[in-house]
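The form predicted alone is given below as one chain in structure tokens.
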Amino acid sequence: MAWDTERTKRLLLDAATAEFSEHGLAGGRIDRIAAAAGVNKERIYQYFGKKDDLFAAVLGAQLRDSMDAVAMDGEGPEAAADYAGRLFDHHLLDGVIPRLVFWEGLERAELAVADQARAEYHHTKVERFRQMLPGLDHAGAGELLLTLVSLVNAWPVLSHLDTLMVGSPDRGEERVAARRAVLVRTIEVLARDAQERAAASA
């Protein structure tokens, strides 16, 4: 019987996603990943290399899936705000990407910056966002997208600050809707301001 390499890789990526999301890179264990996937751990080194490379593969796959799942549609500040709301919904669904990105920032930021594949992914994402907001240059679109992503990613992993600052221990539907509305309004205002400043300096 032939070995199903692609299925094995998928099992390992799924197990590694859960492991790294929960424990980060340093705390993630290769033996737990292999056991969860039902695969010999030597397969991990064979297919992905060392643990750091596996983490990069996990986050890269999650980010690509997210770009496909949450399209950058439309044009103008309202479209940018709508994208922010939909990305918030997507990331809130399971919280995997926010957790992985925060772990990456703590444990392997320099490696991520030096990763050519990640650089190309983010360049593409900024350019797609720039198309939504005509008049902005790459740096201006990148600045606004960084703000958007920071706001979207922070809330799922900083729930204690929500309680401390807003005094809302209940993160039910009403609170989620309120936070989403604040984020959407913020991005619309910032996008409109960015376009107006870019037009004024043209």
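Everything numeric here is computed off the predicted structure, so don't read it as measured data. Note that residue numbering follows the sequence shown and begins at 1.
Just so you know, the form predicted in complex with a further copy of the same chain exists too; it's not on screen, but the next bit is about it.
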May I ask you to check whether L158 falls inside a 4.5 Å heavy atom distance of a further copy of the same chain in the predicted bound form? yes
Evaluate D65 for contact with a further copy of the same chain in the predicted bound form, applying a 4.5 angstroms cut-off between non-hydrogen atoms, and reply yes or no. no
Is E22 part of the interface with a further copy of the same chain in the predicted bound form - any heavy atom within 4.5 Å? yes
Heavy atom to heavy atom, is A154 within 4.5 Å of a further copy of the same chain in the predicted bound form? yes
Quick one: of E107, D94, D82, D89, which gets a non-hydrogen atom within 4.5 angstroms of a further copy of the same chain in the predicted bound form? E107
If you check in the predicted bound form, do V149, R179 and T186 all have a non-hydrogen atom within 4.5 Å of a further copy of the same chain? yes
Need the contact residues for 81-116: heavy atom within 4.5 Å of a further copy of the same chain in the predicted bound form, sequence order, or none if there are none. R99, V101, F102, W103, E104, G105, L106, E107, A109, A112, V113
